[in-house]
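We've got the same protein chain twice here, in two forms, each standing alone as structure tokens: structure 1 and structure 2.
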Structure 1
């Protein structure tokens, strides 16, 4: 081995390589390159297509809508990121989202509260309902040994079906041919942000949730315990961390955030709960992908969420300007997930190899 090969890497280089942002940036670049190869093979100009994506999402006329979608995806990314910090996977975001939305709609329609309290009560009720529902997965994991990833995945369709039942048979707008609730009263509408039409106070609320998540994650003992369990669960348990209690709190908090997002969607235009409207846009999947890309780190979430927001909103611009099906944006999101999965497999094999040689 030559002297150059054997020389240790500079500390600055090692720090740069190990920076948390390296993996997200690398995964996005790989996805963009693979997408470009696909487009070139199909006879499409990738530069024109990607320009259409960016312009479609960030054009002045669309920026209002893009900000709204950014807030909703960011909220669902937090839903997945909170349990992810302790190594758990919450795949029940859709059910928690729907349960929070239908609860907020019920409060907004039927609660005899003064105008000043109706919006607050609706958002809190959605958070409590979804938080309690998500917390069910914790005792199922601790007492019955059912992994959180399984229980949340199986419980989610139950909540979605329950919301569908309510809006079809108990809370339906009888004068409409669509399965939806009556329009919420004006007192149950979230406040607007200046002249913006889509983005409203809900965006500010989600950003405040992100700040709280960052503070808890980086400045409290609970956040340290969550990160310890995420890094090494056996070590955390040996050190006296109460896994069951943290699991319960993390799942309840994640569900509460999903409930808040569901409430924000219902208390925003068109100010009603519409069957399937909360899950159809795919905000939950985009949030999961963004949270995985960020490794659950609160400070990286806005950056990764911005990437998936641009892909999701800009897909229409790509289809219009470059004649590229908007489904390509979903392919790019899937490629990012595959790259992250391959990285996890490689790291697991390296860890096993290291243990075998020691």
Structure 2
């Protein structure tokens, strides 16, 4: 087969278009535009609303709170991103989060341990419980052919119901009429960062997890194998990758991170496990959106998580300042994901021009 030279393009332009940041930025811009259209259609001034978002999230008074939410969403983004590296979708973050939280609460309330040890034990217990729970999906997928996306979704409400049962009937704070545990002892409180009110040691913990994830992903054989499976599972199997073990490890790690996030939420003010309080803010799916936007790449996660944190926290500001329902943040998250998925159109068109066949 003979070839002729392709029309040359300026390399700088090509490099710019192919840069991994182009797609996420484009998706966010399109989502912001669509959000504006929805607001105009609902009789809302988009400029005021978006100003409300940014101010709500980034005003100096709010930065502390924004930072703490950033940590939690980043954690949940890692929960989704780890299995995503090998092409699996972990949508059971809510159940894993709740199981981690309730376990940490139980340890914090009942374990007879001295101060420093108690916090550590509570976080570890949350991680282990949620990790073991999430790991169930691996054999279900590898041995029984039940996709991880299905099993995590079916397992999640079971764990949420279990947590809810425990806090309602077994660990309930009898004094208050609310479904919540008693306040954890001081020994079980996470350390603070300087005089910040919201962001605490939990944020540092999640950032550490991110660094570990990045190192494993880029510098180890296991990370290489995960990425290989994500690119072509049969290629990995043929090359000697233990798919079952990796899937187990990835799901356990993802669950453990969710457990850590759950523990962090319970070991922070108001230092209780409150029924529904862990899942209500929607950090799980904000994390999913951020992880998809970053393609699971660890170094892009902080950026995409920042975007969704601003949307999430700023949503409240938007509601207050511009009377825009907070749910618009969810709409924008969803639009980002959809736009991202539809980018294949552009890529397919690009591939078609360069395709060779016989």
Partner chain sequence: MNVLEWSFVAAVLMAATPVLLAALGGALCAQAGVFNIALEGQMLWGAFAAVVGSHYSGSAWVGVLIALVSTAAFSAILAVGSARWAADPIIVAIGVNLLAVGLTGFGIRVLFDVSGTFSPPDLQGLHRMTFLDGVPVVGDVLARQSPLVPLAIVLALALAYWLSRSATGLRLRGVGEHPEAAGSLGVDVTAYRTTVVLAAGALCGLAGAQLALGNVTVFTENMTAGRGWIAVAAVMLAASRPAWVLVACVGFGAAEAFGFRLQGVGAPQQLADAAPYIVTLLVLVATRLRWLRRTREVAV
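So that the term is clear: the rigid core is the largest set of C-alpha atoms that superpose within 1.5 Å between two forms. What you see is a predicted model, and the numbers here were worked out from it, not measured in a lab. Residue numbers count along the first chain shown, from 1.
Where the criterion is the form predicted together with its partner chain, structure 2 meets it and its counterpart does not. Once both forms are fitted on their rigid core, the CA atom of residue 313 lies less than 2 Å apart between the two structures. Relative to the superposed core, residue 57 undergoes a Cα shift smaller than 2 Å between the two structures. Superposed on the rigid core, the forms differ at residue 48: its CA is offset by 3.0 Å between the two structures.
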